[in-house]
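Heads up, the chain below is alone and in the form predicted alone; it's given as structure tokens.
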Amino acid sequence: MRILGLLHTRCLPFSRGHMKNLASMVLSGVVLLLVAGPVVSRHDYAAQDRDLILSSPGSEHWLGTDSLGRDNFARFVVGGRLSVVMAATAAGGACAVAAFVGTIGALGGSAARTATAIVFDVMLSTPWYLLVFVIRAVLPLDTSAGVTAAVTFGILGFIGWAHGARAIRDAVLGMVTGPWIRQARATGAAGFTLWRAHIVPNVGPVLVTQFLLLLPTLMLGEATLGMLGLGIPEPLPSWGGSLVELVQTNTVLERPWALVPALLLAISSISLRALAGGESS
């Protein structure tokens, strides 16, 4: 047992470092694909060719075409860009709210801690995904696809801020009670100077980790809603929209290339979570 413990201690940092490097390489490849994909595909994601409906992959259409004759690769790449950008925007907004609320909960005294603890419990115990269904149901039918996409990701960001806020509150509480903060106060640092020079730099890694954890959650949330018909609507493409075909069980057998968006989404999500684990270690 002592030998196993020693091997675990020696090998764990090594494996984490390699996992982080591998995740960074994978994410760099995904970003390159999303950036360069529309250039090399030579197809407009909205262009229809009714003579090539549900065609197989080939030199002209690398992932075949959909039921309207649109190029699957072009729609997959452009939809990935839209999903990632909007998920990153929503995750950034959620982390900003988390930083604000978490800092208040840590530095605002006992009343603030109690109030934020209640808010966290309510946010984390309420099935907020029902809110997505309700809001999507009451949106007018003539609402533009862009507005619907912004509302969808806005709700997903609202759902996800509480986890980060609680983590930041706990991190700040650990800092303000730590010996190095007491030493900074003893040397005369106080108020805004203490917060800016000693707390904010140490909260940064926590925020980065929360962002990296929230980003794949929002991407998967949009994909799930897309498979239910509640994601980003047509004519805008999205990764969730690319997965709608997989609802039919015979799709994988007849058109196995339809799994490519799901596989890339899974690889991206795993890599982001692995990178978040590397940042937190």
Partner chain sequence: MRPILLLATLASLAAAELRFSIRSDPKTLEPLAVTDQNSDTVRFLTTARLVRRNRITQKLEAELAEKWEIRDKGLTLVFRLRPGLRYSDGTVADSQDVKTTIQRLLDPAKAYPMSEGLRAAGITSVETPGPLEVRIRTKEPIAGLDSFFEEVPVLSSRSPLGDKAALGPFVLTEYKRGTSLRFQKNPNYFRKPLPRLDAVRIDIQANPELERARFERGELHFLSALDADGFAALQKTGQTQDAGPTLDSEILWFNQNPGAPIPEHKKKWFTSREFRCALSAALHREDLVRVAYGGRAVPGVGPVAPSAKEWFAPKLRAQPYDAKQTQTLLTRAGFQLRNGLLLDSSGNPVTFSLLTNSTSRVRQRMAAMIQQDLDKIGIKIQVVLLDMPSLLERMTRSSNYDAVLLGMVGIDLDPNDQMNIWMSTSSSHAWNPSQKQPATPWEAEIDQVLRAQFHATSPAKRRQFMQRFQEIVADQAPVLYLVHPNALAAVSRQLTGVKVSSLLPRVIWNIEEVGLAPAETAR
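Computed from a prediction, not measured in an experiment: that's the story for all the values here. Positions refer to the first chain, counted from 1.
Heads up, the form predicted together with its partner chain isn't pictured, but that's what we're talking about next.
Participant: Select from the listed residues Q248, S28, S56, T224 the one whose heavy atoms reach within 4.5 Å of its partner chain in the predicted bound form.
Facilitator: If I apply the 4.5 Å criterion carefully, the residue I get is Q248.
Participant: Would you say all of L139, D142 and P235 touch its partner chain in the predicted bound form, counting a heavy atom within 4.5 Å as a touch?
Facilitator: So, yes: the whole triplet contacts its partner chain.
Participant: Pick from 56-64, 210-218, 227-235, 29-37: which stretch has a heavy atom within 4.5 Å of its partner chain in the predicted bound form?
Facilitator: Within 4.5 Å of the partner lies stretch 227-235.
Participant: In the predicted bound form, is there a heavy atom of its partner chain that lies within 4.5 Å of any heavy atom of F100, even though the partner is absent here?
Facilitator: Outside the cut-off, so no.
Participant: Spell out, yes or no, whether the shortest heavy atom distance between R42 and its partner chain in the predicted bound form is within 4.5 Å.
Facilitator: R42 lies outside the contact set for its partner chain.
Participant: Is V252 close enough to its partner chain in the predicted bound form to count, meaning some heavy atom within 4.5 Å?
Facilitator: No, V252 is distant from the partner.
Participant: Contact between F133 and its partner chain in the predicted bound form at 4.5 Å, heavy atoms?
Facilitator: Residue-level check for F133: yes, a contact with its partner chain.
Participant: Any residue of 49-75 with a heavy atom within 4.5 Å of its partner chain in the predicted bound form counts; write them all down in order.
Facilitator: Residues within 4.5 Å: R50, D51, I53, S67, L68, R70.
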